[in-house]
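One chain is shown next in C-alpha cells, namely the form predicted alone.
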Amino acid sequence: MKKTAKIKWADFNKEIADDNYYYLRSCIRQNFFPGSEKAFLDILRHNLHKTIFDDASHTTCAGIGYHADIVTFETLQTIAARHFSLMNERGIPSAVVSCITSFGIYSEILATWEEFPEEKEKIRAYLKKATGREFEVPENVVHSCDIIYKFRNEIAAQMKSPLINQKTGKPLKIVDHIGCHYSKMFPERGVGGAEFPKVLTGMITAWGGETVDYPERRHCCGFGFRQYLVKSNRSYPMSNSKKKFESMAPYKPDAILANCPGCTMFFDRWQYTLGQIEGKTYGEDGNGIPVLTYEELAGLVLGYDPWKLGMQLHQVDVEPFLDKMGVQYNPDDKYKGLNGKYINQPDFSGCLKV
C-alpha cells in the first residue's frame, strides 16, 4: 500500500531570531509607504526593546533590475555578498529584510549556494576582487513581517486600540494578502509556506480582529515586474487586482493587510484607477477598502499617530478604518509636513473619498 505524506504545521514553521538584527531596507517601500520602515524600527526598539542596526552603507538588492533582465545573477549575488560582509563586520548574525522582493532574492541566492557551493566560491572571488571584502552567510535571514509575527502577543499586551469595531463591538474583518516572493518561491522560508501562510492572520487574530476567507485569497496581485515595467502591459496587474476585489467585496472586509510593498501599493492605487475607469468602488459608502502594511497596523494598535505612520499617503482613505478602531487622531494634521506647516492636499476628482 502506498504511503501518503502527512502534512504537519512543524514542516511550515521557521526559525526567527529573538534579538540582535541587521536591517536591510527596501528601495521601493521608502517611496510607497515611507512611514512603515521607521515604524518597524520604533516598534522594535521602543515597544519590544530589541537591538536592530539600520546601516546607511547597504544598498539596493538590485532585485527589480534582476527581474527585469537588466542585472545579471552574478552581479545580484555579489551585491548580496557585500551586504553579508557588512553584517559580518558588525558582528550581527541575523538579517531582517524589509522588502518581499529582496527576501525572495536572498532566498534564491542562499538556496543556490546550498545546492551549488562552487557558485558561492565564485562570488566570494568576485566580491574580493571588486571590494576587497570577504563574507560569511548569516545565521538567520527573515522578513520583517516575521519579526512582528513572532512578537505579536507582546504587541497585543501593549494594545491601546484593538481590532474591534467600536460601534458594534465586533471584531474588524480583515483580508490578508501574502506576497508571492514571500511564500511561493521558497515556501519553506515563509511562516506557513504557500498553503498555510499564517504570518498575517496570526497578527490579525492576536490583536482582536477576524480574518476573511474568500475564493481568490491566494491569487497574485498581478505585479510581475515585466508586466508593470512595460506600460502597455499594466492592464494585466490591474486585472489581477480587480479579480481579487470582486471576489472579496461580498464579504465586506474592513481592510486589506499585505506584507509586500508592491502588493500594498497596487491594492491601494488600483482601487483609485478602477474607480476612475469604471466608476466603481469596493468598500462602504462610496469609499475603497483601506489597504495597510503590517507595520502600520501594529503601530495603530499600539497607539501611534496615523499621520506619523504616513497613512495620509494612501490613495484609499484610511479614516473610516481609524474611526472603527477608535484611533485618536487630528484630521487637521493630515496634510502637515514635518515642520508642522500645511503643505496642501492632493487635487481629487471622482469615486474615492479623501
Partner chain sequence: MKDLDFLTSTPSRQIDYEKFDTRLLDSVLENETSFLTCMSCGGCTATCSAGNLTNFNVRKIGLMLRRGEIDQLSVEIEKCMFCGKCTLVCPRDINIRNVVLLIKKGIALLKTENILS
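Predicted, not measured: the structure shown is a model, and the values here were computed from it. Positions refer to the first chain, counted from 1.
Although it is not shown, the form predicted together with the partner chain is what the next lines describe.
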### Message
To test your reading of this chain, name the stretch in 148 to 156, 163 to 171, 203 to 211, 267 to 275 whose heavy atoms come within 4.5 Å of the partner chain in the predicted bound form.
### Response
267 to 275
### Arg234 within 4.5 Å of the partner chain in the predicted bound form, heavy atoms
yes
### Query
So in the predicted bound form, does Arg189 come within 4.5 Å of the partner chain, heavy atom to heavy atom?
no
### Query
Heavy atom to heavy atom, is Lys280 within 4.5 Å of the partner chain in the predicted bound form?
no
### Message
Within 4.5 Å, heavy atoms only: does Arg124 come near the partner chain in the predicted bound form?
### Response
no
